[in-house]
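Here's a solo chain for you in C-alpha cells, the form predicted on its own.
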C-alpha cells in the first residue's frame, strides 16, 4: 500500500520537474499553504487585535501595515488566505462529487438517461449563477444558522461559509460532468469494459472499479483547475459584499476593504495591493499547476 502511494506521489510530481515556471508555481502554492496554516500561530499579533495605529503604513513592526481598525495586515492576509483556500478546496470537492457522479451515470447508461441528464446540464448553464447563489443565501441562511446554533451553541456562526461552499460547488460541477461523460462514452466500448460486462460484472462494479480509476488523471486535472475558479467566484461575491462576512475575512473581503480606502484625498494602496497580490499569486500558481498536470495526463495536447 505504501509503495502504491509513493508511486502515485512520484507520478503526480513528475510534471513539476524540468519546468522552472511550474516548479516556481508549485513552490509558491506550498508556501502560501504553509503561510496560511502556520504564520497566525507564531505571529505576535492576533488577527482581530487592534494594537496598532489606524492606517499605519508598512514598517518593520508591521511589514504590510495596518487596516482601518489598527489590525496587522500581514496576519489578516494569512487568515484570509486560509479561508479562501478552504472555500476553494471544499467547493471543488463538492463539484467533484456531483460532476463525477453525474458524468459517470450519463455516459455509462446513455440513451434517454444521457439525453435528459445533459439537457439538465444545459439548462443550468443558461441560468445566472450569481443570482442562484444570492437566492440560496437569502432563503436558507437564517434557517441553517438557527439549526447550527441549536446543535453547536458555543460555536461561531458558520452558516454563510457553509452555504457559500455548497452553492459555489453546486454551480461549478457542470464542466466536470461534461468532461467525465465524454471520457466514459469513449471508455465503455473498450475491450476490457466489454469483457467485464460479458463476465457478468454489474454497473456499479464497472463504474467504480474499471471506469473511475481510468479517469483519475483527467479528474485530478480539472479538480486542480476548479479550485481557483471557486476562489475567484467567492472573491467576486466578497468584493460585492455578498460573500464572507465579519468577523471572518477572505482575500476578497480584504480587497473590498482596501478598495473602499481609495479616494482623491489619500490613497492607502497597501490595503489593496497586498491582498490583491496574494490572491493573484495563488490563482496563478493553481492555474499553472493545473496546466502542467493537463500536459502530463493529456500528452496528445502537447506541441510536437
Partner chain sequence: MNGILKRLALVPLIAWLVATGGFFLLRLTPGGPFDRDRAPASAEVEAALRAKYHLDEPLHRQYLRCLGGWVVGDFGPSLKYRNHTVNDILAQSLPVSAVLGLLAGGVAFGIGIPVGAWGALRRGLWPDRLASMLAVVGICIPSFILGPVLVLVFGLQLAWLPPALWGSWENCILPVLALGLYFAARVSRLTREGMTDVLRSPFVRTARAKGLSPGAIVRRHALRGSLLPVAAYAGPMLADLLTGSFIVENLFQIPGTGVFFVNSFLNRDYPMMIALAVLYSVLLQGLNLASDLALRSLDPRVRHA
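Numbering follows the first chain given and starts at 1. These numbers were taken from a predicted model, which means no experiment stands behind them.
Quick note: we don't show the form predicted together with the partner chain, though the next part is all about it.
Which pick from 203, 132, 143, 195 sits with a heavy atom within 4.5 Å of the partner chain in the predicted bound form?
-> When the partner chain is considered in the predicted bound form, the option within 4.5 Å is 132.
Which of these residues, 89, 166, 83, 185, gets a heavy atom within 4.5 Å of the partner chain in the predicted bound form?
-> Filtering the options by heavy-atom distance leaves 185.
Would you mind picking out the stretch of 239-247, 24-32, 58-66, 37-45 that comes within 4.5 angstroms of the partner chain in the predicted bound form, counting non-hydrogen atoms?
-> Result for this chain: 239-247.
Does residue 151 make contact with the partner chain in the predicted bound form, using a 4.5 Å heavy atom cut-off?
-> So residue 151 does not count as contacting the partner chain.
May I ask you to state whether residue 128 is within 4.5 Å of the partner chain in the predicted bound form, using heavy atom distances?
-> So residue 128 counts as contacting the partner chain.
Going by a heavy atom distance of 4.5 Å, is residue 208 a contact of the partner chain in the predicted bound form?
-> No - in the predicted bound form, heavy atoms of residue 208 and the partner chain never come within 4.5 Å of each other.
Contact test in the predicted bound form: residue 147 vs the partner chain, heavy atoms, 4.5 Å | Flag for residue 147 set to no.
If you look in the predicted bound form, which residues in 268-284 sit within 4.5 Å of the partner chain (heavy atoms)?
-> Heavy-atom contacts within 4.5 Å come from 272, 279, 280, 283, 284.
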